[in-house]
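Here we start with a single chain on its own, the form predicted on its own, put down as structure tokens.
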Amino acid sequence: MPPYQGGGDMISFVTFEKTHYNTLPYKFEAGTPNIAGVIGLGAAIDYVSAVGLERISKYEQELLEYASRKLSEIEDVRFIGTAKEKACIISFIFGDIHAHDVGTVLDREGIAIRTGHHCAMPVMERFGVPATARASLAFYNTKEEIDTLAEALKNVKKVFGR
């Protein structure tokens, strides 16, 4: 099968008469390798290593517990996915307000969440919901940001007259 793009290491040599493609997988890797991405990945690994994976894990667990407690205090918030040991992600529905509407209102308040089926349509079907709102927390987030999310969710209710 011929490659659909040309350039870079995908060519072993070229003459006026013929192009000789490199062996697999290089034959299909046209252009300059992602050098900036490799450098960025190295910097990210150095940063995470300096902070420490155990420390990150412990803090993210604290954030998850705090966010779960804080959001559960808001009427009509229903969590989707409540495994005992889970990543620092909270998927939820908010009464009868569609997740996309929740996300739009929060976006206007400067809060970024994900909304939709998150490439997990069988899960949405299992829980009988068209979509969820999802707050993904990480070690760079703060409890104050979670408080801001909780307050903004209360504003979502007001926007929709609930």
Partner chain sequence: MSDLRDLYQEVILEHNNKPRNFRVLADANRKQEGFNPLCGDRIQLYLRVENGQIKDIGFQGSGCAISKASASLMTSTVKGKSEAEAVEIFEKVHGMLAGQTEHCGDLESMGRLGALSGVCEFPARVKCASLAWHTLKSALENKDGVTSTE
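Computed from a predicted structure; not experimentally measured. Numbering follows the first chain given and starts at 1.
Just so it is clear, the following notes concern the form predicted together with the partner chain, a form of the same protein that is not shown.
Engineer: Among 113, 105, 137, 67, which has at least one heavy atom within 4.5 Å of the partner chain in the predicted bound form?
Structural biologist: The option sitting close enough to the partner is 105.
Engineer: Are all three of 35, 47 and 52 close to the partner chain in the predicted bound form, meaning a heavy atom of each within 4.5 Å?
Structural biologist: Checking in the predicted bound form: none of 35, 47 and 52 is within 4.5 Å of the partner chain.
Engineer: Partner absent here, but in the predicted bound form, which of 37-45, 114-122, 22-30, 53-61 has residues with a heavy atom within 4.5 Å of the partner chain?
Structural biologist: Checking each option against the 4.5 Å cut-off leaves 114-122.
Engineer: Mark residue 130 yes when one of its heavy atoms lies within 4.5 Å of a heavy atom of the partner chain in the predicted bound form, and no otherwise.
Structural biologist: Taking the distances in the predicted bound form, the answer for residue 130 is yes, it comes within 4.5 Å of the partner chain.
Engineer: Could you run down 129-162 and flag each residue that has a heavy atom within 4.5 Å of the partner chain in the predicted bound form?
Structural biologist: Stretch hits, in order: 130, 158, 159, 160, 162.
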